[in-house]
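As a starting point, one isolated chain is supplied in structure tokens, in the form predicted alone.
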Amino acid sequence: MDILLWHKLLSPYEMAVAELMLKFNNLKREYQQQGRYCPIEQVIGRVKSISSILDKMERKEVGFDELEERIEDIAGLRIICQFVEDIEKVSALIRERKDLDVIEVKDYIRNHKDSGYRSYHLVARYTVETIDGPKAVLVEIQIRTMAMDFWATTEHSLQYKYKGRIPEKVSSRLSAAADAIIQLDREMSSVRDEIMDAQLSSKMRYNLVEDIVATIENMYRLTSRREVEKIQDEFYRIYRLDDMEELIRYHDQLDLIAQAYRAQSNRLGQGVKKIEE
């Protein structure tokens, strides 16, 4: 293939990665805004380098004419989860999407590789709009836990260092580490409910504080600085108590106070208008 054609070939894959990363991050943000637990912890994307594509073509004996059909991971997305249970949830979210057509599943969690590699892979078709019209490309989506990702990243670095021929001593230690990763994921799953409760509570506290601060800022336009300073001092006192119920009570009470000040401000504004008329 002409060297000048490489960037034209890879451009739709770059578009696919950028679009899908944006979509999945927006999905994560939507979960958070609704105060719901999100099974997606992090989204990472990349387009395979030309050298990596050439290496894979040589290993799999793939010609340029069949490159885009047989090399399934030119565009790659990695979705990191906190818990093993989240992997199936993310997989279901992907299968339900209208913009992705899943054509292959590779379950390396139930059937992990001999090296100890564990991950859940989906190969899907995704269509991007280019200046030459719509273009369907293959995207490999890897779904794994943070622990699995740590192991896989380490193993990938060692594969690169030893050019795919990892010494037996190192390989056996990697295998032992893979067993430890399995146990870690199991332990994390055993306290999953407690962790989720703690995270949701932290998010709720964050949202309450943000809302309270925004309300107090707006009150500077509605009443005297002296009154607002009393209100903010009370907020700081409540915050230091580290009591969620008290914070919720203060938030609700502050809403009522702010409504009263807004109503008073509106009445004053209407009075001034009548005088001017």
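Heads up: residue numbers just count along the shown sequence, starting at 1. Keep in mind it's a predicted model, so treat the numbers as computed, not measured.
What comes next is about the form predicted together with a small molecule, which is not displayed.
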### Message
Given a 4.5 Å cut-off on heavy atoms, tell me which of 201 to 209, 172 to 180, 149 to 157, 131 to 139 is the interface stretch with the small molecule in the predicted bound form.
### Response
149 to 157
#### Entry: Contact flag, Asp185 vs the small molecule in the predicted bound form, heavy atom cut 4.5 Å
no
### Query
Can any non-hydrogen atom of Thr127 be found within 4.5 angstroms of the small molecule in the predicted bound form?
no
### Task
Spell out, yes or no, whether the shortest heavy atom distance between Lys106 and the small molecule in the predicted bound form is within 4.5 Å.
yes
#### Entry: Heavy atom of Ser52 within 4.5 Å of the small molecule in the predicted bound form
yes
### Message
When the small molecule is placed as it is in the predicted bound form, are Arg29, Arg95 and Arg97 each within 4.5 Å of it, taking any non-hydrogen atom of the residue?
### Response
no
### Query
Which residue among Arg226, Arg36, Arg221, Lys60 has a heavy atom within 4.5 angstroms of the small molecule in the predicted bound form?
Lys60
